[in-house]
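Have a look below at one chain only, the form predicted alone, in structure tokens format.
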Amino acid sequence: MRVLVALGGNAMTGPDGDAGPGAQIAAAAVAMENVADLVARGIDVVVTHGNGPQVGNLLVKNEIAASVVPPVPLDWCGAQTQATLGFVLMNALDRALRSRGLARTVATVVTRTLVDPADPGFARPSKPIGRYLSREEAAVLVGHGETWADRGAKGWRRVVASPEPVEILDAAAVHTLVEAGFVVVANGGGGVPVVREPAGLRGVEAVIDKDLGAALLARTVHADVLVVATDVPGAVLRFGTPEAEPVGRVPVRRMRELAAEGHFADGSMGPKVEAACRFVEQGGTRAVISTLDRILAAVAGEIGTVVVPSAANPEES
């Protein structure tokens, strides 16, 4: 079996949201103990991860230093956090595997994701990132070519494009490493967004949804199961109401219907549900949305929200 585990960016911070180096290292150690349990069962594992808090830290450094040095572009932030988090995860997983007597090698691939330069998101950047600033502070960064929007009483906030991932350009390297017996960390933060031009590839200022990137990578490396690890047990219908109801095992056709009814918020569970549906619709055995601490049961489809292929007869779904 081959499993792609998608860790949320907050899985790489402390319980209180602390994104300091010590807190990230400690969080990685906990996460990789669970991943090591999968490897110990003889499962091929690819790990991907979010990077929101880490990119947020780099953006703050950009803002503070903007009057002294040019800000680092967003694609560079993505590449830097992929490499840094990959390094932290590799060290943590090496230790977890060694403690189990497992001689497996871990590798990180800094991964590029192709996007369409004609994606409508580029014409109307709308994905808010980073912290709020005053008009005067934002003006310095606008002078460096960034797009900032007035958010009223809270101040100004940077907005960027969030284009659809089209292709994981370095998936072949990931696949080759997995076939050779490596445990691979790849495509962090959805991958570094690039566009293809006549002269070659160019990084762009954008943010790719990490869950949609995970679904695309999982299909590309022929994973059987996609696990979207989050901080809740699974998706919930009528969330926040007295009629709230957890979603358990569900055919993908029905999950699409529930999403269309508006049960899953765009900024939280929505992308995870969309990623799960895409993976299963493209041939995956199942996709599971669950917590990381019960990863073995999640991979087996025994807990969480489990999206499975629809039956040939719609009435059976």
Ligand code: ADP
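Note that residue numbering begins at 1 and tracks the sequence as displayed. Treat the numbers as computed from the prediction; the structure is a model and nothing was measured.
Just so it is clear, the following notes concern the form predicted in complex with adenosine-5'-diphosphate (ADP), a form of the same protein that is not shown.
Using a 4.5 Å cut-off to adenosine-5'-diphosphate (ADP) in the predicted bound form, each of A235, F239 and S268 places a heavy atom inside that distance. For the options T108, S162, T81, T230, the one in contact with adenosine-5'-diphosphate (ADP) in the predicted bound form, meaning a heavy atom within 4.5 Å, is T230.
Remark: of stretches 109-117, 142-150, 162-170, 207-215, the one touching adenosine-5'-diphosphate (ADP) in the predicted bound form is 207-215 (heavy atom within 4.5 Å). Using a 4.5 angstroms threshold between heavy atoms, H263 counts as touching adenosine-5'-diphosphate (ADP) in the predicted bound form.
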